[in-house]
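Next up: just one chain, as structure tokens, the form predicted on its own.
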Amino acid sequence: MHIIDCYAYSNKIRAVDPAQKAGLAVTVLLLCLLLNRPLVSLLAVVWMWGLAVWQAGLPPLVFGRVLLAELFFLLLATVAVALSVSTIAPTNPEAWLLQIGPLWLSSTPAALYNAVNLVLRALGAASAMNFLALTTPLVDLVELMRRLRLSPILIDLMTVMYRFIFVLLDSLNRMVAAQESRLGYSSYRRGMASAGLLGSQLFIDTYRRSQRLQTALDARGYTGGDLRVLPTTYYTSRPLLAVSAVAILSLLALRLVL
């Protein structure tokens, strides 16, 4: 998450209006879900990857590694769609069979197509969200949600939770480093004891930090809802708008051709 946040703040289109980037990401996501074609989803991945590299200036491998990690979990989740497991050999003549002991693994061309289509649809939608996450910091998304007049309490909860993720990660890293310097994980038994101690101390540290945060908010007159931050000046990127329009039209055109 630290890496994603660093690129979100340092990319070339960081100051572009978040509504423009969010609009592109949501549109591509909806097209991947509604058009329901593997090639359309694959083209969406290519467009989002290209925009992240050419427009935002992100390293190609960064976007690729994020997609690769998501692809791994998607493949695990769709194994049940592509394969069927039974103790009796299927009688379908189109089924591909593999016997492993008393179990029969079978699949059909239709099942494989559905699995591939499902993976690519999810990957296309994920690439759109990756583009938004890697180019837009949370403070910009919070400002966008305020413009959309979402609940102030919901926005504040998101802000505090996001902040505490990094606070807890920092505390966790410091505690693990302190335990390792004292050979806390030198054996399995000591490692289990150190892990239990780590969990309890992290909970206590979290509780104390939350109390200090509440005290700081009370001292500044916070009565609930609408945490204010310094506003940021945004601009509309015409090149990004033009490329976004071409990307959306190409997805629609590909669906008409198929």
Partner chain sequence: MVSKKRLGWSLLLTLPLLVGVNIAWARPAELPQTMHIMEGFLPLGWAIFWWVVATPFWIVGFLRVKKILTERPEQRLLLGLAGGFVFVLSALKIPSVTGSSSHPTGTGLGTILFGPFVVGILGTIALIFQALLVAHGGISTLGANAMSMAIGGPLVAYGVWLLLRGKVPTYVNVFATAFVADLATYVITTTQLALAFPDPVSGFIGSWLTFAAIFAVTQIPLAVAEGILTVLIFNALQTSATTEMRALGLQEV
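Residue numbers count along the first chain shown, from 1. Here the structure is a predicted model, which means the values were calculated and not measured. Throughout, rigid core stands for the largest set of C-alpha atoms superposing within 1.5 Å between the two forms.
The protein also exists as the form predicted in complex with its partner chain; that form is not presented, and the subsequent description refers to it.
Student: Within 4.5 Å of its partner chain in the predicted complex, do we find a heavy atom from each of 66, 73 and 196?
Tutor: Heavy-atom distance to its partner chain in the predicted complex: all three under 4.5 Å.
Student: Could you spot which one of 177, 148, 183, 153 gets a heavy atom to within 4.5 Å of its partner chain in the predicted complex?
Tutor: When its partner chain is considered in the predicted complex, the option within 4.5 Å is 153.
Student: Given that its partner chain is left out here, which of 53, 62, 42, 29 has a heavy atom within 4.5 Å of it in the predicted complex?
Tutor: Flagged contact: 29.
Student: Test of understanding: in the predicted complex, would residue 253 fall inside 4.5 Å of its partner chain by heavy atoms?
Tutor: Looking in the predicted complex, residue contacts with its partner chain do not include residue 253, since no heavy atom lies within 4.5 Å.
Student: Spell out, yes or no, whether the shortest heavy atom distance between residue 210 and its partner chain in the predicted complex is within 4.5 Å.
Tutor: Yes, residue 210 lies within 4.5 Å of its partner chain in the predicted complex.
Student: So in the predicted complex, does any heavy atom of residue 4 sit within 4.5 Å of its partner chain?
Tutor: Output for residue 4 is yes: heavy atoms within 4.5 Å of its partner chain.
Student: Under a 4.5 Å heavy atom criterion, is residue 57 part of the interface with its partner chain in the predicted complex?
Tutor: Residue 57 lies outside the contact set for its partner chain.
Student: Of 169-192, which residues get within 4.5 Å of its partner chain in the predicted complex if you count heavy atoms?
Tutor: In sequence order, 169, 172, 188, 191, 192 come within 4.5 Å of the partner.
Student: 2 Å or more on the CA of residue 117 between the shown form and the other one, with the rigid core superposed, yes or no?
Tutor: It does not, since the residue 117 C-alpha is displaced less than 2 Å between the shown form and the other one after the core fit.
Student: Would you tell me if residue 147 moves between the shown form and the other one by 2 Å or more at its C-alpha, with the rigid core held superposed?
Tutor: Moves: no, less than 2 Å.
Student: By the 2 angstroms cut-off, has the C-alpha of residue 82 moved between the shown form and the other one once the rigid core is superposed?
Tutor: Shift at residue 82: below 2 Å after core fit.
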